[in-house]
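Coming up, as structure tokens: structure 1 and structure 2, two forms of one and the same protein chain.
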Structure 1
Amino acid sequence: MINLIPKNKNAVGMADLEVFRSDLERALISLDRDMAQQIINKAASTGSPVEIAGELISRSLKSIGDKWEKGTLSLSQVYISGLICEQIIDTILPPSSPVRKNQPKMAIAVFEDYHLLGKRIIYSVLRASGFELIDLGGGQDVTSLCEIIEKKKIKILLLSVLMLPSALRIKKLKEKLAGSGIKIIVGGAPFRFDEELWKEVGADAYGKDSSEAIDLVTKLMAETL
């Protein structure tokens, strides 16, 4: 049974967080949106929204991402978990909230096709973890991305690809953006099946899954700010 009562109601202690995290993870894996909401609401009454996003939600989603990587959970569970958390986090930490993480401008896009799932997962997981990022959608190409990046002063770009030729074309994008200082993180099937590919196309980093995306964004943010 899920325990919703932390031992100390006044502060989110480590032990309480562990209980919340394990309960939240279980609720998310079973796709129980109501239970997830109850757990987050309880936790929110004991800690700041940023703490809840970073220490509770983000770490639960990271653990779920890790389990997918190990083959013990499926992509649909990762996706729905992110979706549920994203919806909940917006109620306690709205997109325009000044307490959202101070970060360089970040965007995410699907490169050269319309298979949106990978992007949607990363978008949800990062937003639910307290990051704010612009969703550029699918079907972006070298020209359109260069224009948007310049116009919106994007500093970190996350690119999701499904097809090998699209992955290879990132090299051209990187060449066009030379000198702009932008950092590009790539992810998607071709990179999973060839772990040398991200280096070949000149990406700054490759994220295997949503869990790695959180770590990479955190690291690149520190370098970019």
Structure 2
Amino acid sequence: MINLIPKNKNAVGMADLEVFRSDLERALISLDRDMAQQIINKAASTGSPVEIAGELISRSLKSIGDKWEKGTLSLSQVYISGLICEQIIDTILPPSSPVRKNQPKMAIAVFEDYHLLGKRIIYSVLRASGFELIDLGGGQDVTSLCEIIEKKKIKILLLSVLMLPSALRIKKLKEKLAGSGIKIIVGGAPFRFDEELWKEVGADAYGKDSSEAIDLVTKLMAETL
């Protein structure tokens, strides 16, 4: 039985959030969008949208990501959970909402490849957690990224990489962007095989999954603002 009644109608306490989080996680794992919407709507009526996005949704998605890392959930459950939350969060925090996180311009892309699933999961989880970021898709190279970053004044860039040669070319990208103040977070197979590679190519951080992406973006935001 899912408990949707908070103890305090004026604010969401930690105990209430944990009840909501546990219920939301079960709904997402079951891919029950209607129940997830009901839980988030009830939580949003008792607390600020920022609190709901930053605490309830992001913590639920991080827990789901952790379970996938341990092999107890499928990648499709992680992916669809992110999509469900991304859709729901726009009902309480539309893209133009002034209560979206105060943040520098951010973007995400697949570097020199078109395998988009990993990037899409990260994008969905970050959006569902209240962050705004531009999805640059796949096939971006050094030249195109430099042009986009300059034009859109991107300050945090997340890059998904599939092959080692592409990972190594991030060093050239970083060199061309020297002096711009941009922070680059990398992820993908080459960095999982060699967890020191991100330092070699000059990236500012490496994340192995969506839950780490939330933490890293939050940390780099504090350094950039």
Partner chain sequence: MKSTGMTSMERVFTALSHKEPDRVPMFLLLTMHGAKELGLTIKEYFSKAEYVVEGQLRLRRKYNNDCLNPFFYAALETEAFGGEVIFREDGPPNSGLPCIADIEMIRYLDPPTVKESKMLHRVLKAIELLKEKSRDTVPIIGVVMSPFSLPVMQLGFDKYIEVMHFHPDLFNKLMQVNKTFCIEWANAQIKAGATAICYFDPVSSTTIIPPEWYHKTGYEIARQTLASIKGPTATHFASGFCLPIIDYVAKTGTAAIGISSMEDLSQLKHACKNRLTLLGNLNGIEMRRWSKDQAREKVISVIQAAAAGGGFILSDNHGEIPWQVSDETLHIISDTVMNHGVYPLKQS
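The structure presented is a predicted model; accordingly, all values stated were derived computationally and were not measured. What we label the rigid core is the largest C-alpha set whose atoms superpose within 1.5 Å from one form to the other. One-based numbering along structure 1's sequence throughout.
Each of the two structures shows the same chain on its own, and it is structure 1 that derives from the form predicted together with its partner chain. For Ser144, the Cα coordinates differ by under 2 angstroms between the two structures after the core has been superposed.
Annotation: Cα of Gln87 displaced by less than 2 Å between the two structures, core superposition. Once the two forms are overlaid on the core, Lys70 shows a Cα shift of 2.5 Å between the two structures.
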